[in-house]
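Quick heads-up: it's one chain on its own, the form predicted alone, in structure tokens.
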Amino acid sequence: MHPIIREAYDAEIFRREGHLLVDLLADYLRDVVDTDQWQALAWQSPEAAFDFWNGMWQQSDGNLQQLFKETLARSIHLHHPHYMGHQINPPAPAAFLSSLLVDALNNGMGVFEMGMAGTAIERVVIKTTANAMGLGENADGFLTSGGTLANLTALLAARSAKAPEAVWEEGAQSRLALLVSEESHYCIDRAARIMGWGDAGVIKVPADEQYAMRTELLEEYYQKAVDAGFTVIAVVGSACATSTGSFDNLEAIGAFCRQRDLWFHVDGAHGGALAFSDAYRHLLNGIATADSVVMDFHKMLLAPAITTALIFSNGNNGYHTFHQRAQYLWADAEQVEWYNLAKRTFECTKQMMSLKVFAVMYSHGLELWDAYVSQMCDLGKTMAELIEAKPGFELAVAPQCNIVCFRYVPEGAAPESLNVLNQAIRQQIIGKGDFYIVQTMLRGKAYLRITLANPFTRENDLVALLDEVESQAGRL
């Protein structure tokens, strides 16, 4: 064996470097909640970041700890109480410790023999989640790499179940379409286009003042599509809308789908986690009638990205999407086998992501998810109250969960200047680095948008953010 290969796998070198890394991360977890020691991010331009890391590579001395320290310092810090940006949570230590084991084992999970532990663990995770959503004993599914891929897979299953022809074998003969809120995530539109339905195959139903689907218009838009020659096969409910955190009326959508014999899919990538919250579960009323549900564990359930569940109320529906022979993997492509996951997923070499979720469940119980989800949604309401009480601020919509949209509207400001002002405020805040927030456009108006996902964020942090917005506006 070449000496450099032996060195790369040396157990004692790994032990030493691993202990130092765990110490580094433990100190980070202890200190990052102290806003005087860390910033939410240290902003660099893309060019400056590339130059730094290219320089690190060109001058490499093999010092892993220096590499780890620089990576930590130059990344965004989700565990910081002033991280209020995109919809991704700070993972629990039990979850990212599991990531080390997952990567060390490197077990692909296309077939059972390559992922015996992970495949069985995954089914426990799926069954537990299905039970929380009330999907019934026949529910089954799998974990996959993100909400975009999960939503596409769900809609492929809908096509397999509801299209008038066998599209997988014969190709599409009909003009297929789905109904979805105009506030839905862009991946639904993308999925329809990937399937060849085009722009016209995505029927956008208008949203109300709360940015939720106007379900009373479903019949009207369905009939328009049918009259235009489309075969509508599905309706997608948002739980919740990405921009505002608004939940569609899933009970009404489910009832309409049963009336019209349509596939009912719920994009619960963010809000599906509320199934584990006693206080907020009601926002998902009707989800138990869905044919398929998507939910991200990395948005609201303390897992690392990317860990997404796709669950079918009738688990057998997950097997009809893909029918392909692969003799080197299994003997019978038609046989229903929950333990051979490549029969149901896009991925063949699929990561053992289930352990990252299961470790949190196993070490803390479902009570942790209940407490965490409820606390974050409560904090969203607190932020709304602070905004409404502070002069010069405008709330887009009363938040239902932990997503809050607002903007700064100083007295006497010209309406046409507000978009530029709020976008500039956000850029100034990012450049300074004390807070991380994002922005969105709602019906032509620019809003500052926060997702409260850090359990260490307190009311005083929210007050400080509003003061910072006001301060930056004054400078501008």
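Numbering starts at 1 and follows the sequence shown. Because the structure is a prediction, the values reported are computed rather than measured.
One more form of this protein should be noted, the form predicted in complex with a small molecule, which is absent from this view; the next part is about it.
Student: Looking at C240, M84, V357, A273 here, can you tell me which has any non-hydrogen atom within 4.5 angstroms of the small molecule in the predicted complex?
Tutor: Contact check passes for C240.
Student: Sort through G392, G134, G108, G146 and report the residue having a heavy atom within 4.5 Å of the small molecule in the predicted complex.
Tutor: When the small molecule is considered in the predicted complex, the option within 4.5 Å is G146.
Student: What stretch, of 117 to 125, 76 to 84, 148 to 156, 381 to 389, brings heavy atoms to within 4.5 Å of the small molecule in the predicted complex?
Tutor: Comparing against the small molecule in the predicted complex, the contact stretch is 148 to 156.
Student: Since only the chain is shown here, I'm wondering whether A177 would be in contact with the small molecule in the predicted complex (any heavy atom pair within 4.5 Å).
Tutor: No, no contact at 4.5 Å.
Student: Please tell me whether any heavy atom belonging to A269 falls inside 4.5 Å of a heavy atom of the small molecule, as the geometry stands in the predicted complex.
Tutor: Yes, A269 sits close enough to the small molecule in the predicted complex that at least one of its heavy atoms falls within 4.5 Å.
Student: Would R344 count as touching the small molecule in the predicted complex under a 4.5 Å heavy atom rule?
Tutor: Result no; R344 lies far from the small molecule in the predicted complex.
Student: Though only this chain appears here, would V205 touch the small molecule in the predicted complex if you measure heavy atom gaps against 4.5 Å?
Tutor: Heavy-atom contact with the small molecule at 4.5 Å: absent for V205.
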